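Only one chain is given next, in structure tokens, and it is the form predicted alone.
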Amino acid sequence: MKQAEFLKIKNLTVTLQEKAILKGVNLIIRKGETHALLGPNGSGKSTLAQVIMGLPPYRIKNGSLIFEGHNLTKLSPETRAKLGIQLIFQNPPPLNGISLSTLLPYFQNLHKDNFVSFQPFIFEKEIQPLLDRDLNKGFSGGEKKIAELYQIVQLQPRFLIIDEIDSGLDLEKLNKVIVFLKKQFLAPDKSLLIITHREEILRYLQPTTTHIMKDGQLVFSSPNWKKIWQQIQKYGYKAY
């Protein structure tokens, strides 16, 4: 029996300065599923992730995003976070005057009933020197990813969007992250949408469904990620 729909995107059209970036996207993600999103650079993958999270400057021209019965279209990012949605950015911006330590009260406020301060973290040693620095300011690519993961651990999302988690991580750290994601998010009551260009991530996470996005549209979807990856390796995205 199929699980209940977690996120349902219907006919989503999104513009930026009157230019269509997403063009009629349809997608259903159910509880307990892992979906992988592949596609060439500039195809709209990161835009879709940011629109689900409610981030500017994109404008929804048509369509809907429904999360557990909630219409996300006009909800703020903060409200979406309270519903259990979170995004790990590909390249998070620096925040002057804001540190991870100062964000902890915000994390606590989001989870008043079940928050446990300082959740166990895979990069406990690496995160310590970053806690009191301005967030992402002067951080290396790897430090940015570690800081993003730390926030996710504290926020305890049920639906997590990951935009190229491998960016800035060496192979050893990437393997630790993948093990962490499997342990924390491959669960019947949680779901993942992961944007990637790496076979290692697909192989370890074994996505329920893998999608190809080109020119703002989902042009192909399949439960067989291996076959999709073989086609990409052989023909590139021209295969789709």
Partner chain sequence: MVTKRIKPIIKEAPQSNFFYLNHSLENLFAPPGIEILLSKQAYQKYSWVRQYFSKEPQEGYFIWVKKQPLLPLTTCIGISQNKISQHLGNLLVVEPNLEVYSNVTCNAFELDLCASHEAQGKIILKRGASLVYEHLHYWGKGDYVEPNYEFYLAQGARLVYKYQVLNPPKTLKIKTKAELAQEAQAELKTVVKGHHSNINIDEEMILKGTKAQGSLFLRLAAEAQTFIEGLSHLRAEAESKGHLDCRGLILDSTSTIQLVPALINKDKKALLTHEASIGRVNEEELNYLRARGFSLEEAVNLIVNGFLQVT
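Owing to the predicted nature of the structure, the values given are computational and were not obtained by experimental measurement. Numbering follows the first chain given and starts at 1.
Here the subject shifts to the form predicted together with the partner chain, a form of this protein not shown in this document.
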Quiz item: Where, among 24-32, 168-176, 48-56, 191-199, do residues come within 4.5 Å of the partner chain in the predicted complex by heavy atom distance?
Solution: 48-56
Quiz item: Here the chain is shown alone; which of 146, 81, 72, 130 has a heavy atom within 4.5 Å of the partner chain in the predicted complex?
Solution: 81
Exercise. Tell me, yes or no, whether residue 89 is in contact with the partner chain in the predicted complex, where a contact means a heavy atom of each within 4.5 Å.
Key: yes
Exercise. Indicate whether residue 121 is a 4.5 Å heavy atom neighbour of the partner chain in the predicted complex.
Key: no
Quiz item: Given that the partner is absent here, does residue 140 sit within 4.5 Å of the partner chain in the predicted complex, heavy atoms only?
Solution: no
Self-check item: the partner chain contact at residue 136 in the predicted complex, heavy atom, 4.5 Å
Solution: yes
Self-check item: Residues of 75-107 having any heavy atom within 4.5 Å of the partner chain in the predicted complex, listed in sequence order
Solution: 76, 77, 78, 81, 82, 86, 87, 89, 91, 92, 93, 94, 95, 96, 97, 98, 102, 103, 106, 107
